[in-house]
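What follows is one chain in structure tokens, specifically the form predicted alone.
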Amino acid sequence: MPKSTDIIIIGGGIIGAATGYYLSRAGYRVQLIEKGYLCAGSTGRCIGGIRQQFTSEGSIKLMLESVRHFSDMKEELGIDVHWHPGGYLFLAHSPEKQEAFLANIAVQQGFGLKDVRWVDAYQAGQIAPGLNIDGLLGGSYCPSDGQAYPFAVVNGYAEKIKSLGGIVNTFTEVTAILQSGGRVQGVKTVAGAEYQADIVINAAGPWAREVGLMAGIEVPVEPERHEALITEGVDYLNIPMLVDYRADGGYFQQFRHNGQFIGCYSPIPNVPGHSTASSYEFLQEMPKRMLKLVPALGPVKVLRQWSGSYENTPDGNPILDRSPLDGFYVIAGMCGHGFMLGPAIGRMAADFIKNGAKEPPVAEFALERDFSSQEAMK
């Protein structure tokens, strides 16, 4: 006999785990199914940054909520997730970038992000000890942005799901979405096991399109490879996340809990697909970009590099919506922001499902939207 729960969630990253936690807390019996280990996809390969410096009302308010969740997570989940409000500093080396950041700051302050501010080059150097301020005009700085450890966050959510009566299956690959009469019935796994539920959630991240096709639903999510590296641990330097949008820039931060630097940059051109191969080019290039900003990092050794996937949508906004198949939901396409958005998106998704709403909670997150007319979440 197939085993039955209230809700099945496909995907054991931050989106699936957070959504499962909030649904479990609302009284649903949840089954979280992950084809690898928890955090095997995008979440476990991200660099752990959490920022509120977005440019639209919806995204700013979502991130204000997410930061509140991260701040309370140690007490709520009973696990130290290494939350640290170390800040983000976006660097402006041109008048055009300065003008854009000043406009962004006005929007962010207007929607409740009160501690974001413009700093001049000298102030930026005080905030980030050792920062090379040659040619720097200043930056957008928010001290309440921060960092957390993805594996601890997801494992914390998963343990809570289990403590609330749910099930977490790892190394369990879903191969079919069971349905009848236009309604979802459950899932089937590669081992032939069938699990029944009236609601199935596609939170499969870079594999959201493939999971959607199992249900006959087109999910417009495409993976794109991004590489990262991490260094040995050194004394904590109290440098915030540094973000340099120049063509030869990148972004990196230092973990407070172990002193390691972690960083990446966006590839040009992009590298589409599921590949998680690493390149020698990145291993050569990323340290140069870090040293350009903080020359004192020269003696610090790189320990390893890896790659993971951004799960992109055509317009740069996530998907959080029901699908044409009754009971089948899609929460995916976080476009590189999944870890930081996860707590707020998970809470929003749980409320959406619990309330049985017909329309998505954010119009820009609709599954079947006009992708050509939307403004991307940045």
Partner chain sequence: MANNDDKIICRCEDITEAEVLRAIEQGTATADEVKRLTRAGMGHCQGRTCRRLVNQILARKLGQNPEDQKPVTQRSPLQPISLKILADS
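Worth saying up front: this structure is predicted, and the values here are computed from it rather than measured. Numbering follows the first chain given and starts at 1.
As for the form predicted in complex with the partner chain, it is not shown, yet the points below apply to it.
Annotation: in the predicted complex, residues F151, E159 and P287 each come within 4.5 Å of the partner chain through at least one heavy atom. Interface residue remark: T175 is not counted as part of the site for the partner chain in the predicted complex, having no heavy atom within 4.5 Å. Using a 4.5 Å cutoff between non-hydrogen atoms, L213 does not count as a contact of the partner chain in the predicted complex.
The partner chain is not shown here, but in the predicted complex it comes within 4.5 Å of a heavy atom of L283. Using a 4.5 angstroms limit between non-hydrogen atoms, G298 touches the partner chain in the predicted complex.
Exactly one listed residue, out of L303, I167, A193, L102, brings a non-hydrogen atom to within 4.5 Å of the partner chain in the predicted complex: L303. Just one of N258, S266, S275, Q123 comes within 4.5 Å of the partner chain in the predicted complex, counting any heavy atom, and that one is N258.
Checking 138 to 146, 290 to 298, 103 to 111, 175 to 183 against the partner chain in the predicted complex, the stretch whose residues place heavy atoms within 4.5 Å of it is 290 to 298.
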